[in-house]
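First, one chain by itself: the form predicted on its own, in structure tokens.
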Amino acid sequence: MRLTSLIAGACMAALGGGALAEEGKVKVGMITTLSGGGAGLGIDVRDGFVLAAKMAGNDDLEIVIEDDQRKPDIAVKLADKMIQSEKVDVLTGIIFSNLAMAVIPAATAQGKFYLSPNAGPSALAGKGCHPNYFNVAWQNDNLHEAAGAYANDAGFANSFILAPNYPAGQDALTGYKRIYEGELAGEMFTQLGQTDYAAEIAQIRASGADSVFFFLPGGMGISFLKQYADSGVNLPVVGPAFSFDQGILQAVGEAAMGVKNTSQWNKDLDNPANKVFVDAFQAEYGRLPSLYASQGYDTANLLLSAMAKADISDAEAFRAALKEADFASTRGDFAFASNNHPIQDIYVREVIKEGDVYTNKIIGVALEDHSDAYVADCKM
């Protein structure tokens, strides 16, 4: 997909093929997942970003959007095209960490800014950090660390844990184990994109576990939860928001009711920016926003806040303006740690039903003013 005139006359200029952005303008290349497995995540990031741009009404922001199809080789080709032909100033949009690892180091090495609205692999938070790379969502381990903290509070002592075998899945289990104080009944990596979990559920049943922690985003989580509910295994489940987010819950249905999950955002966070966002997103798109939509929205507003303070041609000043994070986040308090990853609260949510709609409500705070475990390894 290529977006050449996003909101004509309202917030973006029409994009000329491969032309440099005019002086004072910022040209953004968004590479995200818009088809196949995980498309809902990319669509929500895109829609949140576009909404913030439209609301700002800033004619100096230009956007090119492409679909990576959740394939690293395609993401790399798109990034090369955007940098070499489109002459973008900023890249954003990637959902999956294996694609992020394929694209971000090369982009920042060429002097481009990368603002991540989602993927936060540990390799880019520690020794692989870069002054031009800012993660606006979280470092991958964070929500899983919060799940470990909740498991401790809930008294779980023998968790069975599983996640897909790719960078974010590896970070997920590392994060849970970092905070969780109990024993492990089992630990398993599944295939990325897997949809049949009969073998894994059989192992959970036989393991003697008292709880299950899993990270299975998108369609993987839908498949697992439905099969788990049908299996008769009656162990409490905890996980990150990625497996219990707004776009997933309607497909999962009753199987998700009452499940506790962790997130740095929810639609009921009580701050002015979030109320504006939730109302505006529903009005624009006719659906409740997801975690991913909030991250896309915040990413655009971070960029717009930097544009108000510095010209993109002055990289040092623009970098400093990004670092200030002088925008009204949907999360309320927001700041960057020294490795350009967020410092923020992470909440415990519970899946509920409002009328006919499955959604989440915040029931507590798992971690306050939380950064990540890799800050000290980042030397910049």
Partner chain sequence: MTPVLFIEQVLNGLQSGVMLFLMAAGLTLVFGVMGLINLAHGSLYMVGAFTAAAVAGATGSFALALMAALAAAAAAGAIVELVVIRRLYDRDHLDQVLATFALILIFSEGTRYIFGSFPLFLDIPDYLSGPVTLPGGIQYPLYRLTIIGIGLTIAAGLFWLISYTRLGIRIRAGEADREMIAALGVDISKLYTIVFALGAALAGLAGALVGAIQSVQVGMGEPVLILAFVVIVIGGIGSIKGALVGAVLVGLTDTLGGLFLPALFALFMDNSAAQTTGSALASMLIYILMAVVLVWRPQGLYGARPA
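As the structure is a prediction and not an experimental result, all values here were calculated from the model. Numbering follows the first chain given and starts at 1.
Just so it is clear, the following notes concern the form predicted in complex with the partner chain, a form of the same protein that is not shown.
Only one of 51 to 59, 33 to 41, 349 to 357, 322 to 330 lies within 4.5 Å of the partner chain in the predicted bound form by heavy atoms, and it is 33 to 41. Interface membership of residue 130, defined by any non-hydrogen atom within 4.5 Å of the partner chain in the predicted bound form, is ruled out.
In the predicted bound form, the partner chain stays beyond 4.5 Å of every heavy atom belonging to residue 235. The shortest heavy atom separation between residue 110 and the partner chain in the predicted bound form exceeds 4.5 Å. By the criterion of a heavy atom within 4.5 Å, residue 247 is counted among the residues contacting the partner chain in the predicted bound form. Between the options 305, 203, 158, 152, the residue in contact with the partner chain in the predicted bound form by a heavy atom within 4.5 angstroms is 203. Of all the residues from 210 to 245, those having a non-hydrogen atom no more than 4.5 Å from the partner chain in the predicted bound form are 219, 222, 223, 226, 227, 230, 231, 232.
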